[in-house]
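Have a look below at one chain only, the form predicted alone, in structure tokens format.
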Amino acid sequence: MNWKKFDTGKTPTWCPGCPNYLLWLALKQSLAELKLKREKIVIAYDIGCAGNMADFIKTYGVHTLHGRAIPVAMGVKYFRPELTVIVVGGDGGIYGEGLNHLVTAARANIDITVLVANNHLYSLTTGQASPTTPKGAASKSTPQGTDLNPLPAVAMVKKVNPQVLAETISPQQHLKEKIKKAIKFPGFALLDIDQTCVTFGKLLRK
């Protein structure tokens, strides 16, 4: 399959070695192998490093406000149910500012696929604690270590609605096949993609 038809020709601006390169490639390959037409795909992008993928994938898309990618995707799917609708965002936008929308989408079991590049930090803004930062980990906003427990997003979504597809994977863990499975799933699907930020992830090891 010719996944390069989903290239915009723009060079990604992520740091060298960023796991988002793997997500970018796997998503394009998945769309091609599923034989989806570009004009039948809408991707809602959140703000953040992963959200910058809006410039690098050639489909219809919306670069939304921070935390608002899921309701935009829901609106598209409700009014154009024949379209393949995907959300791409990070742990900050999806599990922080957008958490109420994640819960609503899971409750509704709406047929959208949510891909979360979860690096446990707000990395685009240089390494502040996010909802998934491990307890005790230092960050630019919590130099003495965060007092909060990390949000168990996958477990929470399954508790809200056991009928949805929700799982945590790594970028090296059959990512393309997992994305294809999520897109084909006839309902709400969440892939929590566990990553390490190559620039600010070292903060979490202190």
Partner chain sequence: MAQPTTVKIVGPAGTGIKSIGRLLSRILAKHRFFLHDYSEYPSLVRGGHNTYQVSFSPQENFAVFRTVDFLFSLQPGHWQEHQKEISPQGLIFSEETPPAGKLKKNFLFFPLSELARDLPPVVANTVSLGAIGFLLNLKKEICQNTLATTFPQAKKENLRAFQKGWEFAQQHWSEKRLPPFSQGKGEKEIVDGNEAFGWGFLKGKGDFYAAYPMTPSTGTLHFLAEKQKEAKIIVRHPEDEIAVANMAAGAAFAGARAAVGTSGGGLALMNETISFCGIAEIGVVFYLVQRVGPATGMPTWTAQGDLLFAVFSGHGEFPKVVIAPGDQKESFQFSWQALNLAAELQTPIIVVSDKFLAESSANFSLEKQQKEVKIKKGKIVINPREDFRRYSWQNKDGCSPRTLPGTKNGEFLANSYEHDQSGFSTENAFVAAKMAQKRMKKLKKALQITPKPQLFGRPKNLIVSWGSTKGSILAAIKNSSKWGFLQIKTLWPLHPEIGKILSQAQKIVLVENNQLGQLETLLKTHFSFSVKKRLLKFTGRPFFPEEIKNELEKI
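Positions refer to the first chain, counted from 1. Bear in mind that the values here come from a model prediction, so they are computed numbers and not experimental data.
The form predicted together with the partner chain is left out here; the points below concern that form.
At a distance threshold of 4.5 angstroms between non-hydrogen atoms, A137 is out of contact with the partner chain in the predicted bound form. Although the partner is absent from this view, K158 stays clear of the partner chain in the predicted bound form, with no non-hydrogen atom inside 4.5 angstroms. Among residues of the shown chain, D55 is one whose heavy atoms approach the partner chain to within 4.5 Å in the predicted bound form. When contacts are judged by a 4.5 Å heavy atom cut-off, R68 counts as touching the partner chain in the predicted bound form. Note on the interface: of 22 to 30, 149 to 157, 35 to 43, 171 to 179, the segment with non-hydrogen atoms within 4.5 angstroms of the partner chain in the predicted bound form is 35 to 43.
Shown without its partner, the chain has A54, D55, K58, T59, Y60, G61, V62, H63, T64, L65, R68, P71, V72, M74, G75, V76, Y78, F79, R80 in segment 53 to 81 as residues with a non-hydrogen atom within 4.5 angstroms of the partner chain in the predicted bound form.
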